[in-house]
Structures are given as C-alpha cells and as structure tokens.
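A lone chain, given as structure tokens: the form predicted on its own.
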Amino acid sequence: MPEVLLHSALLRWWAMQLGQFFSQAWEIGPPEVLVRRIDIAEIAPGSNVDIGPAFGAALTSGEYETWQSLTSSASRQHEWLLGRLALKDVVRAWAGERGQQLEPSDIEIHIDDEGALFARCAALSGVGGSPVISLSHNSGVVVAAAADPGSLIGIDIEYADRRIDVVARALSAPEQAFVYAEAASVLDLLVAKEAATKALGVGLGGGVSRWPVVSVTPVPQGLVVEVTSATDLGLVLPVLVLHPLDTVLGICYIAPEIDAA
C-alpha cells in the first residue's frame, strides 16, 4: 500500500471548498443509493508528511480519541480517518438532499456488536433519522454509500487484478459453472458476496461458501448477482456488480419495507 499521508493544510483547503466535502460524488449504481469516493492518489500526490491534528475538526471527541489510540501504524490511522471522512460526507450529502446542512462533527460513526457501521446525528431526527451506511476501500480508493433508513445497503470494491486463487477453490459447483460459462468472474462473485453480507451487517468473515450465488443476470450497466443469505433463511440479496475503470464494484440495495396500513 502506498504511504500517502495527509497534511493539516489540506483540511484547511477542504474547509474553504464549496460544500466542504472531502470526497467526490460518484453517480453510479441504483438512484436510491448515494455513493461518494476518495481517490487516495489525488489527495496529496507524492506527499510524505504526517497526518495533521487539524483533521480532528472533522471528528467528534469520541472519534478523535479513537483515532489517536490507533498507534500501531500511521497507515492504520490514515485508513481509519479516510473511512470516517467518506462516511460523514455521504451522510451529509444525504442530509443536504433533505434540506439539512451538517458539519462533519455533527455526525458520529459507530460500529455495532456484529461489526456493522451506523451513523448517529441528532439533527436528522426530523427527517426520519440517519441513513444506513456502508464502506469499502482498497489501496487506491475509499467508497462510502448511504440510503434511506430501513434500507439494506452494502458496498464492496476491489481492484480487478486482485488474486483470487483461494476464493476460486471455495466456490460451489453451480458458482464454478457461472465462471466457466463466463457469466461472471470469480472476483465478481466474491465482491457480490461481500456486498451482500455488508448489507446485512455481518461481514463475510471468510465464509465464502456459506453465501451461495444462485443467479447471474446481465444488465446494461453490468451484472445482477443474487446471493442467498447465510443468516436469514430464504432471503436472496440482489447485488449490482459494475466494472468502473480497473475495479470491480458491488452494490447491494434493498428498499425499506413500506407499511401498507
């Protein structure tokens, strides 16, 4: 992973920009899902300076303490911070569409007991609460997604050249048939499984074979891969798998249930 570290002056630059977003909007996937991305190489190309404490302005006091406690490596701090910035941005963008203008520190990102991310923001109580969120990253890009409360949303991104030998050996016979027929690649199936598990807030956890793919359907944008849940019997999760540039992107979205009454 390239060591691209951030300078405190960058935060001051960010604060002066229109909308004060650190990330970029990414118009991709279902229209009900907001996606934003941070291209790591574009943050500070060639820079080798430390992450400045001014980035704490984007964090709540609890988040700042967590960030500062990540002392194992600068890269771990860097990864954690970029994820929080992307998630706060996508929540703020979602709120902005509903007439709520928020600062990054108005939003606090938490992790539940299963490892699922969720946002808390008191200011959003008047619009039905905070959106559901999901996060993924690799060595070059961070992506965050948000959708209406009550939705299921999961996002996953991988470079197209990721090694998948171990994953290939874990595929079921029907899944291998999809690959042999060139309906989908091994990486397509892996990304779909990862996105589906994130939508349920549980994570794959190495259990590739526990989340079987039951269908692959080509669509104009890419593929719809249906994944059977290992935790909710009978639930099949549709994942839109796309191939932007040199990556494979999976977005699992299920709309909130509407009470007919």
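In case it trips you up, residue 1 is the first one in the sequence shown, and so on. This structure is a prediction, so every number in the text was calculated from the model and none was measured.
This protein has a second form, the form predicted together with a small molecule, left out of what is shown; the following refers to that one.
With the small molecule omitted here, the record of contacts in the model of the complex names 135 to 143 of 119 to 127, 174 to 182, 92 to 100, 135 to 143, defined by a heavy atom within 4.5 Å.
Taking non-hydrogen atoms only, Arg169 never approaches the small molecule to within 4.5 angstroms in the model of the complex.
Of the heavy atoms in Glu114, some are within 4.5 Å of the small molecule in the model of the complex.
Among residues of the shown chain, Leu190 is one whose heavy atoms approach the small molecule to within 4.5 Å in the model of the complex.
Mapping the unseen interface onto this chain, Pro218 falls outside it, with no heavy atom inside 4.5 Å of the small molecule in the model of the complex.
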